[in-house]
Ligand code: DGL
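Only one chain is included here, represented as structure tokens and corresponding to the form predicted on its own.
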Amino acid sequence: MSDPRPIGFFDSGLGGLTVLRTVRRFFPHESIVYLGDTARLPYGTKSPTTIRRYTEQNIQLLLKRDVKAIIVACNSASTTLLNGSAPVASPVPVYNVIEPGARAALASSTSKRIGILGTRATVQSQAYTRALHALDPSTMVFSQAAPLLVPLVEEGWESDPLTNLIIYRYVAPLVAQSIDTMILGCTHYPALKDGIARVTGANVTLIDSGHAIAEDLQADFKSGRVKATPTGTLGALKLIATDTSTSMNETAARLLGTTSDLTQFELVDL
């Protein structure tokens, strides 16, 4: 059996498009609805209670769009779904980015010295630390909050010299801990991967959750937990946002690696 309904994604802004881009490359036949809660970004500086409320509102909006699964393409929001929090009310599977990222990091690391670069909310939640220790209690975890990076990506300053200086200030302390793997603990950060890699060097593997999420989806397609769309046609891509600006389409096209004809946002109200 198949299910042609779309897969829902959401993030506080546009960073979750980096996860969408990877998933779409794996499953081009799947239709997608992406919600950017741009009116309330960034999430990473807000309280867990507020982020959880936003997360539940975003999930309800996507459910009204008749999605068959929801990917919380936001690390800060994902943390509110873990650590003993009450399950979110959803009739369809809801995927977080924390647990897949932790699995991928441990599979990559040989020294079991892993760095976490994330927003303040993600770092303070210790969600990655808990996930890593649940898989291997001997793992050494080093965390660094990087609150300035999300606004820089949203502004389109990925290659700006100022951004490179800020990346160095955040990343160098992690490198000093002799890590061999770093989790990019925010879906905006893959847009800065080149700049981050210049600081870490070739001996540190950078982990983002897009591939890990795609692997989880593939397993659920095979098991029937989520039913796939028949192959043969390119799935539709619908972008919606709680606020729009003249630069959003350009930023979305850059993060998706595609042309702007696919990146016109529909304004929605939560």
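For every residue, the number given is its place in the sequence shown, counted from 1. Predicted model, so just to flag it, every value in this text is computed and none were measured.
Omitted from view is the form predicted together with this ligand, to which the following refers.
Here the chain stands by itself, but in the model of the complex one stretch of 165-173, 116-124, 193-201, 101-109, 116-124, has heavy atoms within 4.5 Å of this ligand.
The closest heavy atom approach of residue 183 to this ligand in the model of the complex falls outside 4.5 Å.
For residue 35, no non-hydrogen atom is located within 4.5 Å of this ligand in the model of the complex, even though that partner is not displayed. Of the heavy atoms in residue 41, some are within 4.5 Å of this ligand in the model of the complex. Although the partner is absent here, residue 132 lies well away from this ligand in the model of the complex, with no heavy atom inside 4.5 Å. Taking this ligand as positioned in the model of the complex, the residues of 1-31 that bring a heavy atom within 4.5 Å of it are, in sequence order, 11, 12.
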